[in-house]
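Take a look at this one chain, the form predicted on its own, written out in structure tokens.
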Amino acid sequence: MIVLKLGGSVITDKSTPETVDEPALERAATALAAAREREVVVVHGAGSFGHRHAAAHGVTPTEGTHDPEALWEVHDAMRRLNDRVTGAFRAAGLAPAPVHPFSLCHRDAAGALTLPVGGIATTLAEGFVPVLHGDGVVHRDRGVTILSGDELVVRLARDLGADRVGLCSTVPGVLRDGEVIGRIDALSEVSDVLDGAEGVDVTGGMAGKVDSLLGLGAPGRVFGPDALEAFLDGEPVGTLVDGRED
């Protein structure tokens, strides 16, 4: 089973508010439809949809809001993007099932995330492709904070026992001097090259992605859209990120 993150910068134009990159989304959908592995959970990022609303209201994974308009604007943007993603998947012949984290998850006062995965596992077993996304999440004593797609990937991979994990970004891997770094075992190895994301991103950019994979306890890969089909077929693409102790 695969847990795949489609980065918001892959499926949207992050420089233009609420704009889907239709050709890129269609290519991703086609690659998924052609994959030999049929059990795939997809998480997509916020791109030019949710991040802008979260930033406008000062909402982050740690800073919350009790403003109902902020909650609505963030969640509604992500729900609409999820509709576009699942629509493209359906057009490619997949059987997507939208899963909205706001209605599923919550955090306690210490920030620990509750994410029930029983329904997602059943969705997979019945032949559907669960499609989740970054979202707002109710957070005890803080109102609503942001739940990033990267955190969802880690939890889903752990709790569902994923065999492979992939983060599809706009670059072919984690880069140093324009070259793909083949393997990362610790964040300190690449702290000099990890910058923030282009456009508005409240969840940490590439540094957040690498840090999430290092905490997974299983190997993950960061790669570009051109390598998506190869990743789905099990080929060693992009950058291997593996924080497990030998």
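Keep in mind that what you see is a predicted model, and the values were worked out from it rather than measured. Start at 1 with the first residue shown and count on from there.
Separately, the form predicted in complex with another copy of the chain exists; it is not shown, and the next lines address it.
A.B. asks: Does every residue of Thr86, Glu126 and Arg140 put a non-hydrogen atom within 4.5 angstroms of another copy of the chain in the predicted bound form?
C.D. replies: Judged in the predicted bound form, Thr86, Glu126 and Arg140 all sit within 4.5 Å of another copy of the chain.
A.B. asks: Answer with one of Ala77, Ala97, Ile146, Val165: the residue that has a non-hydrogen atom within 4.5 Å of another copy of the chain in the predicted bound form.
C.D. replies: So the residue touching another copy of the chain in the predicted bound form, by this definition, is Ala97.
A.B. asks: My question is simply whether Arg90 lines the interface with another copy of the chain in the predicted bound form - judged by any non-hydrogen atom within 4.5 Å.
C.D. replies: Yes - in the predicted bound form, heavy atoms of Arg90 and another copy of the chain come within 4.5 Å of each other.
A.B. asks: Do Leu156 and another copy of the chain share at least one heavy atom pair within 4.5 Å in the predicted bound form?
C.D. replies: Output for Leu156 is no: heavy atoms all beyond 4.5 Å of another copy of the chain.
A.B. asks: In the predicted bound form, is there a heavy atom of another copy of the chain that lies within 4.5 Å of any heavy atom of Gly118, even though the partner is absent here?
C.D. replies: The answer is yes: Gly118 has a heavy atom within 4.5 Å of another copy of the chain.
A.B. asks: Considering only heavy atoms, tell me if Thr65 and another copy of the chain come within 4.5 Å of each other in the predicted bound form.
C.D. replies: Because a heavy atom of Thr65 falls inside 4.5 Å of another copy of the chain in the predicted bound form, the answer is yes.
A.B. asks: Within 4.5 Å of another copy of the chain in the predicted bound form, counting heavy atoms only, one of 177-185, 41-49, 66-74, 24-32 shows up; tell me which.
C.D. replies: Of the options given, it is 66-74.
A.B. asks: In sequence order, which positions of 98-117 have a non-hydrogen atom within 4.5 Å of another copy of the chain in the predicted bound form?
C.D. replies: Contacting residues: Pro98, Val99, His100, Phe102, Ser103, Leu104, His106, Arg107, Pro116.
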